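We begin with a single chain expressed as C-alpha coordinates, specifically the form predicted alone.
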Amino acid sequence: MKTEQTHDVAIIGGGAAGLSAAVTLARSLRSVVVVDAGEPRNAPSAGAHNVLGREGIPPLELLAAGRREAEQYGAEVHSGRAESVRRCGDGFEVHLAGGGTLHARRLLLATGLIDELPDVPGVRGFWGESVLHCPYCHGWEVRGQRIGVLGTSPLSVHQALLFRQLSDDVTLFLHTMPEPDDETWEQLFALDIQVVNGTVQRLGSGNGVLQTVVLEDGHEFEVDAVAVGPRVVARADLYEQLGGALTEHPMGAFIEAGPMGRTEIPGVWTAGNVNDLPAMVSVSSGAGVMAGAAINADLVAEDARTAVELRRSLSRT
(Lines give C-alpha, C1' and ligand atoms only; values in the text may rest on other atoms or scores of the structure.)
Protein backbone atom coordinates (compact mmCIF):
# COMPACT_ATOMS: atom_id res chain seq x y z
CA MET A 1 0.00 0.00 0.00
CA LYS A 2 1.28 3.43 -0.95
CA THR A 3 -0.52 6.62 -0.07
CA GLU A 4 0.33 10.30 -0.07
CA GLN A 5 -2.43 10.98 2.46
CA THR A 6 -1.23 12.01 5.88
CA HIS A 7 -3.33 10.41 8.59
CA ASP A 8 -3.78 12.08 11.93
CA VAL A 9 -2.64 8.90 13.71
CA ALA A 10 -0.97 5.66 12.71
CA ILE A 11 -1.54 2.87 15.22
CA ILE A 12 0.85 -0.05 15.09
CA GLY A 13 -0.81 -3.11 16.60
CA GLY A 14 -4.39 -4.29 16.27
CA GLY A 15 -4.94 -5.83 19.69
CA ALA A 16 -7.24 -4.62 22.45
CA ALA A 17 -5.17 -1.48 23.07
CA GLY A 18 -4.69 -0.48 19.45
CA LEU A 19 -8.29 -1.05 18.39
CA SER A 20 -9.69 0.72 21.45
CA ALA A 21 -7.52 3.72 20.61
CA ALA A 22 -8.69 3.57 17.01
CA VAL A 23 -12.35 3.67 18.07
CA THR A 24 -11.70 6.59 20.43
CA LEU A 25 -9.83 8.60 17.80
CA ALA A 26 -12.22 7.80 14.95
CA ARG A 27 -15.17 8.87 17.11
CA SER A 28 -13.40 12.22 17.41
CA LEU A 29 -13.33 12.40 13.60
CA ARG A 30 -9.63 11.72 13.38
CA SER A 31 -8.12 10.05 10.32
CA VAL A 32 -6.78 6.78 11.75
CA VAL A 33 -4.94 3.84 10.24
CA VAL A 34 -4.19 0.63 12.15
CA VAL A 35 -1.45 -1.73 11.01
CA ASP A 36 -1.97 -5.21 12.43
CA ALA A 37 0.47 -8.10 12.00
CA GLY A 38 -2.18 -10.53 13.27
CA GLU A 39 -0.12 -12.06 16.08
CA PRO A 40 -2.06 -11.45 19.30
CA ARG A 41 -0.31 -12.74 22.40
CA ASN A 42 -3.43 -14.45 23.73
CA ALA A 43 -4.29 -16.31 20.51
CA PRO A 44 -3.56 -19.76 22.07
CA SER A 45 -6.08 -19.14 24.85
CA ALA A 46 -9.62 -20.46 24.60
CA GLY A 47 -11.09 -17.32 26.10
CA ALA A 48 -10.33 -13.80 27.28
CA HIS A 49 -11.31 -13.27 30.90
CA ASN A 50 -12.16 -10.34 33.18
CA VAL A 51 -13.66 -8.62 30.13
CA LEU A 52 -16.88 -7.14 31.48
CA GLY A 53 -19.86 -8.10 29.36
CA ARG A 54 -17.79 -10.41 27.15
CA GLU A 55 -16.39 -12.82 29.76
CA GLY A 56 -14.73 -15.85 28.17
CA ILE A 57 -15.01 -14.59 24.60
CA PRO A 58 -12.45 -16.23 22.26
CA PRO A 59 -9.61 -13.70 21.77
CA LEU A 60 -9.77 -13.69 17.98
CA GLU A 61 -13.54 -13.18 18.08
CA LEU A 62 -13.05 -10.19 20.38
CA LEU A 63 -10.49 -8.63 18.03
CA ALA A 64 -12.69 -9.23 14.98
CA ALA A 65 -15.50 -7.36 16.74
CA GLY A 66 -13.09 -4.57 17.64
CA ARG A 67 -12.02 -4.24 14.03
CA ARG A 68 -15.62 -3.91 12.89
CA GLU A 69 -16.29 -1.26 15.51
CA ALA A 70 -13.21 0.76 14.53
CA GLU A 71 -14.05 0.53 10.83
CA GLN A 72 -17.67 1.58 11.34
CA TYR A 73 -16.38 4.92 12.62
CA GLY A 74 -14.05 5.32 9.65
CA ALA A 75 -10.75 3.90 10.88
CA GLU A 76 -8.72 1.95 8.33
CA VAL A 77 -7.33 -1.42 9.42
CA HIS A 78 -4.56 -2.95 7.31
CA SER A 79 -3.27 -6.49 7.79
CA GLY A 80 0.50 -6.43 7.61
CA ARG A 81 3.66 -5.59 9.47
CA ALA A 82 5.25 -2.21 10.06
CA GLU A 83 8.88 -2.85 9.21
CA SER A 84 10.44 0.54 9.91
CA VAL A 85 9.62 4.09 10.87
CA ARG A 86 11.35 7.43 10.64
CA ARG A 87 10.52 10.98 11.52
CA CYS A 88 9.43 12.99 8.51
CA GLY A 89 9.03 16.71 9.15
CA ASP A 90 6.56 17.13 12.01
CA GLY A 91 5.23 13.60 11.61
CA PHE A 92 6.23 10.05 10.82
CA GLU A 93 6.75 7.82 7.82
CA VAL A 94 5.95 4.15 8.38
CA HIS A 95 7.25 1.57 5.90
CA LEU A 96 5.35 -1.67 5.60
CA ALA A 97 6.80 -5.11 4.97
CA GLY A 98 6.20 -6.08 1.38
CA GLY A 99 6.01 -2.46 0.26
CA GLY A 100 3.89 0.53 1.05
CA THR A 101 4.30 3.69 3.09
CA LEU A 102 2.08 5.48 5.58
CA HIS A 103 2.35 9.08 6.75
CA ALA A 104 0.96 10.23 10.07
CA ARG A 105 1.10 13.22 12.38
CA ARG A 106 1.22 11.04 15.50
CA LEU A 107 2.28 7.46 16.20
CA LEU A 108 0.74 5.06 18.71
CA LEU A 109 2.69 1.88 19.45
CA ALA A 110 0.37 -0.87 20.68
CA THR A 111 2.71 -3.68 19.65
CA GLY A 112 2.44 -5.79 22.79
CA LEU A 113 5.19 -8.00 24.09
CA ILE A 114 7.05 -11.26 23.56
CA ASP A 115 6.90 -14.08 26.11
CA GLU A 116 10.37 -15.60 26.52
CA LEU A 117 9.34 -19.00 27.85
CA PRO A 118 11.58 -21.26 29.96
CA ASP A 119 13.65 -23.60 27.81
CA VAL A 120 11.94 -26.74 29.05
CA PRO A 121 10.53 -29.24 26.53
CA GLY A 122 6.75 -29.26 26.67
CA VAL A 123 6.31 -25.72 27.95
CA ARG A 124 5.76 -24.12 24.55
CA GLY A 125 3.55 -26.95 23.32
CA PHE A 126 1.07 -26.51 26.17
CA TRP A 127 1.43 -22.74 26.42
CA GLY A 128 -1.94 -21.02 26.76
CA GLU A 129 -3.70 -24.29 27.55
CA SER A 130 -2.39 -26.22 30.56
CA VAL A 131 0.81 -24.17 30.87
CA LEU A 132 -0.28 -20.84 32.31
CA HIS A 133 1.17 -17.64 33.69
CA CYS A 134 -1.63 -15.50 35.14
CA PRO A 135 -4.02 -16.69 37.87
CA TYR A 136 -6.46 -13.94 36.96
CA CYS A 137 -6.50 -14.88 33.28
CA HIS A 138 -6.53 -18.68 33.69
CA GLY A 139 -6.83 -19.55 37.38
CA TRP A 140 -10.55 -20.32 37.49
CA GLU A 141 -10.10 -22.92 34.76
CA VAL A 142 -7.59 -24.92 36.88
CA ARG A 143 -9.15 -24.35 40.30
CA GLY A 144 -8.88 -27.38 42.57
CA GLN A 145 -6.48 -29.16 40.22
CA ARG A 146 -2.89 -30.31 40.75
CA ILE A 147 -0.86 -27.24 39.87
CA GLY A 148 2.90 -27.14 39.48
CA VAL A 149 4.84 -23.87 39.51
CA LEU A 150 8.09 -23.84 37.53
CA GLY A 151 10.55 -21.73 39.51
CA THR A 152 12.61 -19.43 37.31
CA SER A 153 12.97 -16.27 39.42
CA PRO A 154 12.16 -14.88 42.89
CA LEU A 155 8.75 -13.94 41.48
CA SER A 156 7.89 -17.64 41.23
CA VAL A 157 7.16 -17.71 44.96
CA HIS A 158 4.54 -14.98 44.54
CA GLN A 159 3.06 -17.00 41.68
CA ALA A 160 2.87 -20.10 43.89
CA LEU A 161 1.08 -18.14 46.61
CA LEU A 162 -1.46 -16.80 44.09
CA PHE A 163 -2.24 -20.24 42.68
CA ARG A 164 -2.48 -21.66 46.22
CA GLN A 165 -5.57 -19.46 46.58
CA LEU A 166 -7.13 -21.58 43.82
CA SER A 167 -6.05 -25.08 44.81
CA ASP A 168 -4.99 -27.09 47.86
CA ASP A 169 -2.54 -29.04 45.67
CA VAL A 170 0.28 -26.72 44.60
CA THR A 171 3.89 -27.79 44.09
CA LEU A 172 6.75 -25.34 43.63
CA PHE A 173 9.60 -26.78 41.56
CA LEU A 174 12.67 -24.74 42.46
CA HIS A 175 14.28 -25.49 39.07
CA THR A 176 16.53 -22.46 38.37
CA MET A 177 15.14 -19.96 40.89
CA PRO A 178 17.22 -18.71 43.83
CA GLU A 179 17.02 -20.54 47.14
CA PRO A 180 14.09 -19.14 49.17
CA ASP A 181 14.94 -17.21 52.33
CA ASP A 182 13.75 -18.28 55.79
CA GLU A 183 10.62 -16.12 55.73
CA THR A 184 9.61 -17.54 52.35
CA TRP A 185 10.16 -21.12 53.52
CA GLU A 186 7.91 -20.44 56.48
CA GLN A 187 5.14 -19.14 54.20
CA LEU A 188 5.40 -22.14 51.89
CA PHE A 189 5.27 -24.62 54.77
CA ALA A 190 2.38 -22.81 56.46
CA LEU A 191 0.33 -22.96 53.27
CA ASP A 192 1.18 -26.63 52.63
CA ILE A 193 2.84 -25.84 49.31
CA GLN A 194 5.05 -28.77 48.39
CA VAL A 195 8.57 -27.73 47.38
CA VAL A 196 10.69 -29.89 45.08
CA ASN A 197 14.39 -29.28 44.63
CA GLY A 198 16.14 -30.16 41.40
CA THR A 199 16.13 -29.08 37.76
CA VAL A 200 13.09 -29.84 35.62
CA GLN A 201 14.02 -31.80 32.51
CA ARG A 202 10.68 -31.72 30.66
CA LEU A 203 6.91 -31.81 30.93
CA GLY A 204 5.49 -35.26 30.35
CA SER A 205 2.28 -35.91 28.44
CA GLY A 206 0.06 -38.60 27.03
CA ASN A 207 -2.56 -38.40 24.29
CA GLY A 208 -1.89 -34.70 23.99
CA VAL A 209 -2.60 -34.03 27.67
CA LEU A 210 -0.12 -32.64 30.21
CA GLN A 211 0.46 -35.28 32.88
CA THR A 212 3.77 -34.88 34.70
CA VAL A 213 6.74 -32.73 35.58
CA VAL A 214 9.90 -34.76 35.06
CA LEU A 215 13.15 -33.89 36.86
CA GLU A 216 16.64 -34.50 35.51
CA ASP A 217 17.11 -37.25 38.11
CA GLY A 218 14.11 -39.09 36.65
CA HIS A 219 11.58 -38.37 39.39
CA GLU A 220 8.09 -37.60 38.06
CA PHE A 221 5.31 -35.60 39.68
CA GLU A 222 1.73 -35.75 38.48
CA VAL A 223 0.17 -32.40 37.56
CA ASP A 224 -2.85 -31.11 35.68
CA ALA A 225 -1.43 -27.65 35.00
CA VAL A 226 1.89 -25.83 35.26
CA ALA A 227 2.36 -22.14 35.97
CA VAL A 228 5.42 -20.42 34.55
CA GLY A 229 6.73 -16.89 34.76
CA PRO A 230 8.17 -15.99 31.35
CA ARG A 231 10.43 -13.01 30.89
CA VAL A 232 8.31 -10.54 28.96
CA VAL A 233 9.87 -8.03 26.58
CA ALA A 234 8.05 -5.24 24.76
CA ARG A 235 8.00 -5.36 20.97
CA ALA A 236 9.95 -2.14 20.62
CA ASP A 237 11.85 -2.28 17.32
CA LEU A 238 10.07 0.77 15.94
CA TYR A 239 10.54 2.71 19.16
CA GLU A 240 14.25 1.95 19.14
CA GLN A 241 14.49 3.04 15.50
CA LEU A 242 13.26 6.44 16.63
CA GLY A 243 15.96 6.62 19.30
CA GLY A 244 14.04 5.21 22.25
CA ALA A 245 15.30 2.62 24.71
CA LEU A 246 13.64 -0.04 26.82
CA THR A 247 13.45 0.17 30.61
CA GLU A 248 14.32 -2.93 32.62
CA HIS A 249 11.77 -4.43 34.99
CA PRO A 250 11.86 -7.52 37.24
CA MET A 251 9.47 -9.15 34.77
CA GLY A 252 11.41 -8.11 31.65
CA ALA A 253 11.64 -4.84 29.72
CA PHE A 254 9.10 -2.21 28.64
CA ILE A 255 8.72 1.22 27.06
CA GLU A 256 8.43 3.80 29.79
CA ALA A 257 5.56 6.22 29.31
CA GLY A 258 3.33 8.63 31.20
CA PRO A 259 -0.11 7.82 32.65
CA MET A 260 -1.82 8.31 29.27
CA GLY A 261 0.89 6.68 27.19
CA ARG A 262 3.03 9.64 26.12
CA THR A 263 6.68 8.63 25.67
CA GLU A 264 9.82 10.72 25.83
CA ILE A 265 9.88 10.84 22.02
CA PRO A 266 7.71 13.74 20.79
CA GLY A 267 4.66 12.56 18.91
CA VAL A 268 4.92 8.95 20.05
CA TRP A 269 2.47 7.27 22.43
CA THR A 270 2.13 3.71 23.71
CA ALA A 271 -0.75 1.61 25.02
CA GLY A 272 -1.17 -1.89 26.39
CA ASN A 273 1.50 -4.45 27.27
CA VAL A 274 4.23 -2.56 25.43
CA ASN A 275 4.40 -0.15 28.38
CA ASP A 276 2.42 -2.09 31.02
CA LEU A 277 3.77 -5.63 31.13
CA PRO A 278 1.13 -7.26 33.40
CA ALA A 279 -1.88 -5.53 31.79
CA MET A 280 -4.80 -7.85 31.02
CA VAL A 281 -7.13 -7.42 28.06
CA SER A 282 -9.52 -5.03 29.79
CA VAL A 283 -6.66 -2.92 31.18
CA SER A 284 -5.01 -2.74 27.76
CA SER A 285 -8.31 -1.71 26.22
CA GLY A 286 -8.72 1.07 28.78
CA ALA A 287 -5.16 2.22 28.16
CA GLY A 288 -5.95 2.43 24.45
CA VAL A 289 -8.94 4.67 25.16
CA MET A 290 -6.86 6.97 27.36
CA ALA A 291 -3.98 7.13 24.86
CA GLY A 292 -6.43 7.89 22.06
CA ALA A 293 -7.96 10.72 24.10
CA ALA A 294 -4.50 12.10 24.92
CA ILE A 295 -3.41 12.03 21.28
CA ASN A 296 -6.62 13.74 20.18
CA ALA A 297 -6.12 16.45 22.81
CA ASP A 298 -2.53 16.94 21.61
CA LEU A 299 -3.72 17.31 18.02
CA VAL A 300 -6.50 19.70 19.09
CA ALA A 301 -3.90 21.90 20.78
CA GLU A 302 -1.69 21.83 17.70
CA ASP A 303 -4.61 22.62 15.40
CA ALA A 304 -5.57 25.56 17.62
CA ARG A 305 -2.02 26.94 17.53
CA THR A 306 -1.98 26.59 13.75
CA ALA A 307 -5.33 28.37 13.42
CA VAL A 308 -4.09 31.24 15.59
CA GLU A 309 -0.90 31.60 13.56
CA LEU A 310 -2.90 31.58 10.32
CA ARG A 311 -5.32 34.18 11.63
CA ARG A 312 -2.46 36.41 12.73
CA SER A 313 -0.72 36.11 9.38
CA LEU A 314 -3.92 36.98 7.52
CA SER A 315 -4.52 39.99 9.77
CA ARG A 316 -1.09 41.34 8.85
CA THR A 317 -1.78 41.24 5.14
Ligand SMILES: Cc1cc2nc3c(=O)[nH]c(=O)nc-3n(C[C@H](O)[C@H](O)[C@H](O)COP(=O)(O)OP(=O)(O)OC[C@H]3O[C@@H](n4cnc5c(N)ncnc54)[C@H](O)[C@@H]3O)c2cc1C
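Computed from a prediction, not measured in an experiment: that's the story for all the values here. When you see a residue number, it is the position in the sequence shown, counting from 1.
Just so it is clear, the following notes concern the form predicted together with this ligand, a form of the same protein that is not shown.
Enquirer: Do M280 and this ligand come within 4.5 Å of each other in the predicted bound form, heavy atoms counted?
Expert: So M280 counts as contacting this ligand.
Enquirer: Counting only non-hydrogen atoms and a 4.5 angstroms cut-off, does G128 reach this ligand in the predicted bound form?
Expert: Yes - in the predicted bound form, heavy atoms of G128 and this ligand come within 4.5 Å of each other.
Enquirer: Hey, in the predicted bound form, is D115 touching this ligand, heavy atoms inside 4.5 Å?
Expert: Looking in the predicted bound form, residue contacts with this ligand include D115, since a heavy atom lies within 4.5 Å.
Enquirer: Looking in the predicted bound form, any heavy atom of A110 within 4.5 Å of this ligand?
Expert: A110: contacts this ligand in the predicted bound form.
Enquirer: With this ligand left out of view, which of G100, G80, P178, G198 would have a heavy atom within 4.5 Å of it in the predicted bound form?
Expert: Of the listed residues, the single hit is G80.
Enquirer: Of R231, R105, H133, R164, which residue is found within 4.5 angstroms of this ligand in the predicted bound form when only non-hydrogen atoms are counted?
Expert: Checking each option against this ligand in the predicted bound form, the one that comes within 4.5 Å is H133.
Enquirer: With the partner left out here, if you bring back this ligand in the predicted bound form, are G13, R41 and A48 all within 4.5 Å of it by some heavy atom?
Expert: Yes, each of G13, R41 and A48 comes within 4.5 Å of this ligand in the predicted bound form.
Enquirer: Work out which of the listed stretches, 136 to 144, 85 to 93, 212 to 220, 182 to 190, brings a heavy atom within 4.5 angstroms of this ligand in the predicted bound form.
Expert: Among the listed stretches, the partner-contacting one is 136 to 144.
Enquirer: May I ask you to list the residues of 223 to 237 that have any heavy atom within 4.5 angstroms of this ligand in the predicted bound form, in sequence order?
Expert: Heavy-atom contacts to this ligand in the predicted bound form: only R235.
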